[in-house]
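What follows is one chain in structure tokens, specifically the form predicted on its own.
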Amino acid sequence: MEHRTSPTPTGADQQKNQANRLAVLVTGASGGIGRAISQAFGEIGWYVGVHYYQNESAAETTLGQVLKVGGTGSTYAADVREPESVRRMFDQFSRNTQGPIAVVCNAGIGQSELLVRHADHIWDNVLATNLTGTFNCIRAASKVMMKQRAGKIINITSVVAEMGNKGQANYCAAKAGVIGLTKAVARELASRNIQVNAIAPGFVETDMTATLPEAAKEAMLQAVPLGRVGTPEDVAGMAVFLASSEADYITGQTLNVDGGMVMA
């Protein structure tokens, strides 16, 4: 559902200008990493689709930041767990922009629980949002991009998909699934000139990591060779790079933005 567009220009001129701009849809854009990614695309003049599920006010704040730095955009509501909801969002986005040039699949949740106490509904909800939600968005985006014979799909995973983390069996499994999904889809869509990659943030300061116990935060920081917590802007810079023509020969890769936390 479209919610709001840039206030200037108006009418037919506005629609023409938006259609001519490079366009990106960022899921889970109402805060943290999603907000930083949205703003980074706005800074280079893109039209940004600011997706949210329930927090409309936070999405409006993100859109305000996009407009402030020179971008244009709209907010779009959808439940990424529901294929039909995602399809409607992409249909509306495509009508506004003549189709996405890039999609950043960032929507995700974390619900930590030790294995022996892990409730079924918590497992199901995390997998449905973080993995199935990413799949639903990739599928909808690819239908548009295949017709364009061009596009960039950028999935947000996590370093815990590679290293594991106590109490996060659901989150680790979902994010590991995103890495496998990225590789499979990259192979399928390569012939249509669509690049599909993933970004794996490390210990990044967000609302999600803010809830971790201080002891856990300190232990994670000790594991970062660069000796600092990452910022959402660190991740945003990688997303902008992967959406650019400079990344045209990169596909099926997972790029860690983690200060050296995980070294293969």
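Values in this document were obtained by computation on a predicted structure and should not be read as measured data. Position 1 is the first residue in the sequence shown; the rest follow in order.
One more form of this protein, predicted in complex with a small molecule, exists but is not displayed; see below.
The candidate stretches are 140-148, 115-123, 75-83, 179-187, and the one lying within 4.5 Å of the small molecule in the model of the complex by heavy atoms is 75-83. At least one heavy atom of residue 171 is located within 4.5 Å of the small molecule in the model of the complex.
Taking the partner from the other structure, the small molecule in the model of the complex has no heavy atom within 4.5 Å of any heavy atom of residue 42.
Under a 4.5 angstroms non-hydrogen atom cutoff, the small molecule in the model of the complex lacks residue 236 among its neighbouring residues. Put simply, residue 66 is far from the small molecule in the model of the complex: not one heavy atom of it is within 4.5 Å.
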